[in-house]
Each structure stands twice: as C-alpha cells, then as structure tokens.
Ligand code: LLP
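What follows is a single chain, given as structure tokens, in the form predicted on its own.
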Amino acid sequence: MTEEEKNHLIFGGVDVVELAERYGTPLYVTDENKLRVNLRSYKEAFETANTDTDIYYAVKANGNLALLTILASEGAGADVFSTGELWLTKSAGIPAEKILFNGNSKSDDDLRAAVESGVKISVDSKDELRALSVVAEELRKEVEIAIRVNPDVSPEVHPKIATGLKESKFGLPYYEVISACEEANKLPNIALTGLHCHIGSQILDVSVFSEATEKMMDLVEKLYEKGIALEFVDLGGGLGIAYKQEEKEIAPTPKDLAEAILPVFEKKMDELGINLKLVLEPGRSIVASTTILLSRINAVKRAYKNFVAIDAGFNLLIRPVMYDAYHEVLIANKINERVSELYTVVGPVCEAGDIIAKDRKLPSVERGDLVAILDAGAYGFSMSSQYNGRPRCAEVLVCNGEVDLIRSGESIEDLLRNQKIPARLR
C-alpha cells in the first residue's frame, strides 16, 4: 500500500477511492456485514424464553432488492407501505406470513393486492376496515388484520417524523380502538389478530417505548375482558442512531429497547395468563449505518462562507433539507489529514436550501477530492428523485473486500423513458 493509499477511507474492506474511480460518483456504498450485524443485534436483544419476537424490517427506509434479500436470509419479516414495497419483499423471498401491509390511505387496488398475497393488513380507519371486508368477501378470502392505534405518545423528534401524536394522520384514536375491534369481529372475511402502533422515528429516549407499550397492553386487557383474543402486538420501530459521532452522541441499542419494552409486555401477559407474539419494525437502526454516499468535489468557493460544491445534492439525500438532519462528512482521499478550516458542503441542485452539511471542520480541500457522507443507508436512495433532470446514481454492495453492483446508475434516457409527446405537438 502506498502512502497515498494509506490516506484513503476503507469501507467494508474496500478502498472507496477505487470504488469512485470504477463506478463514478455519486455512489451509494453498503457494507453487507454491517447490515447482518445490525439485524442480529435485534434478534439477540429480544431473545427471551417468555416472548416470541419477530423483526419486520421497515422497507420504506431502504427498499433495495439485494439488501432485502440479505435481510430475508437472516429471517426478517417486512413492514410495507405500498403495493410496490409488497412486490419487492416477496421478490426478496420474505414469506407472506411475515409481512404487514401498513398505510393510512390504501386504495381498493392496494387492499386487493394485499388480500391476494395473503399478508396481514394494518387497518388505519373504520372506512378502510369496511372496504377491506368488501374486497375480501369478493375474493372469497379471509384476511388477517391488526388495528393501527394512535397512542398519543410524544417522542422528542422532528415533527415530520412523530407518528404517534394525537394530531397525527396515522391510526385510530385511542378511544375508538375497542369499538373498531368489536366491529372487525363482526365483519365477514376479517380475522382480527393484532394491534399495531408506531410512535415516531430517530427516537433517542427509550422511555417513550415503555409508555407506548403500557397503553397498548391496556388495550389488550380491555379486549381480553370483552372476550376478544389477539395473537400479536406490533410496537413499530423508531429507534434512533448516533448521527453526530464527532460530538460523541450516544444512541440507545436494541438491548436498551428490549429493557424498556419487555418488562411491561411480559408483566401484562403474566397478569392475563396469555401469550402474545411481539412484533417490531426497525428501519433506520438496521440500515442507516450500513451505507455511505460518495461524492466528488466540483468546486471550492471562498465567499461569505467556504463552500464545497459536490455532485450529490438533495436529489440523492434529502434528509438534511427536509428534516434539518445531520450527517458526518469525511474527505475520503485525505482521511488522515488534520482538519484545518470550516466548510459548508452544498449540492448541485438549483435550490438555495441544497445544503448537505453546515460549518464542518475538514482538511484543506480542492476540486476533485472525494467526500463520504456517513450513515446514509436510511431514507437516502429510497427518497431520491430525478429533480433538475439528474439521473439517480448507482449502488454497490461491499463485503470483506468484495464488490457487487446492486443497482445500475440511471442514464439520460431513463429521464425520458415513460414520457410521451402527443402527435399534435410534433
């Protein structure tokens, strides 16, 4: 290894400078081993003699088919939010009995696809419950459902990712859940087997999970008293990660989450003399840390601030713009050089808000240097777009020094692929 190569970032056993030269930039790079370790940490944390726990990965975080196939091989189920995500998970080999079709606004086509696939459905309203019964009756199939509960639990997260507040669009109000369950039990072709909730994302205080568990298990008790028996309770996902590594931010682990949930969950089961499956839906905490986004510096401009203009913007990673989210950035070809100045890293999109990282201490940088944006695996590519006519980038998977292309980069032709010009305009 040359002195220059010693100054390169190694990720998944691979020199990322070589990756950028081989596949171009921007480029998403995912470490397979890290993905497997993250999922296994959940399974190990919730392994208990008293509770059977299933991990349903939240596909919205990152729906790459190769990553879903890896998670399927590790025994993960899936939480899906559309017919497209349902198709992806089944293509990856995740069995129907371990898929929950979620969502607050399902069309008849969505409901039909879910029923025909034999997956469980999280019902978000009484309107949907009745529509689902009609669809299932038409198809002559019984469908297993959970009622999604709005538990009115408030985690301290960005308002756009708080999903369990009473003003949230998700789930039935807490006070309507019992009546909805009673109605579900009377409707044809509906089998009520669970309750479901999700309180938010990027949660760093696990005490709110204890609060949500208590509320959900109180509902279980009320249903039990009415003679309505359930098979599972889905407590959603939302565990945060430490994005601010330079500031020594500490995030809770799956073990911390287990210690917050299991005592409450198991105590109520013991009191009632019942046995329920626990379902969790982690997304961010499974995939965020597995992936970096590589980007080339196009310009360094010394103006009101030192601007570093790179070839990836919010067209590929919208979180900093949408949520004011923080991602660490490194200069991947100068990984061991001393930080010397403050820079603001910006993208190429024609928007003043296209800022990836504000006021970061970096080594002296120049055009052609390679930037690595860390923890980009969750809500990175999955929320990307072709805004400004920019084709989406490639994705590669690395594992112990091996490299595989898992998504080809789009071309200019892909921008035009489904567009049509009416004959009268020609």
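Nothing here was measured: the structure is a model prediction, and the numbers come from that model. Each residue number is its position in the shown sequence, starting from 1.
Note that the form predicted in complex with the named molecule isn't included here; everything after this is about it.
Taking a 4.5 Å heavy atom cutoff to the named molecule in the predicted complex, the contact residue among Met383, Ile70, Leu362, Leu374 is Met383. With the partner removed from view, the residue among Thr290, Asn315, Ser201, Thr213 that has a non-hydrogen atom within 4.5 Å of the named molecule in the predicted complex turns out to be Ser201. In the predicted complex, no residue of the candidate spot (His8, Arg296 and Tyr343) has a heavy atom lying within 4.5 Å of the named molecule.
Taking non-hydrogen atoms only, Ala58 approaches the named molecule to within 4.5 angstroms in the predicted complex. When contacts are judged by a 4.5 Å heavy atom cut-off, Tyr224 does not count as touching the named molecule in the predicted complex. Residue contact check for Thr89: none of its heavy atoms lie within 4.5 Å of the named molecule in the predicted complex. Although the partner is absent here, Phe81 lies within 4.5 Å of the named molecule in the predicted complex, judged by heavy atoms. Just one listed stretch, out of 183 to 191, 296 to 304, 318 to 326, 135 to 143, contacts the named molecule in the predicted complex at the 4.5 Å heavy atom level, and that stretch is 318 to 326. Along 257 to 286, these residues reach a heavy atom to within 4.5 Å of the named molecule in the predicted complex: Glu281, Pro282, Gly283, Arg284.
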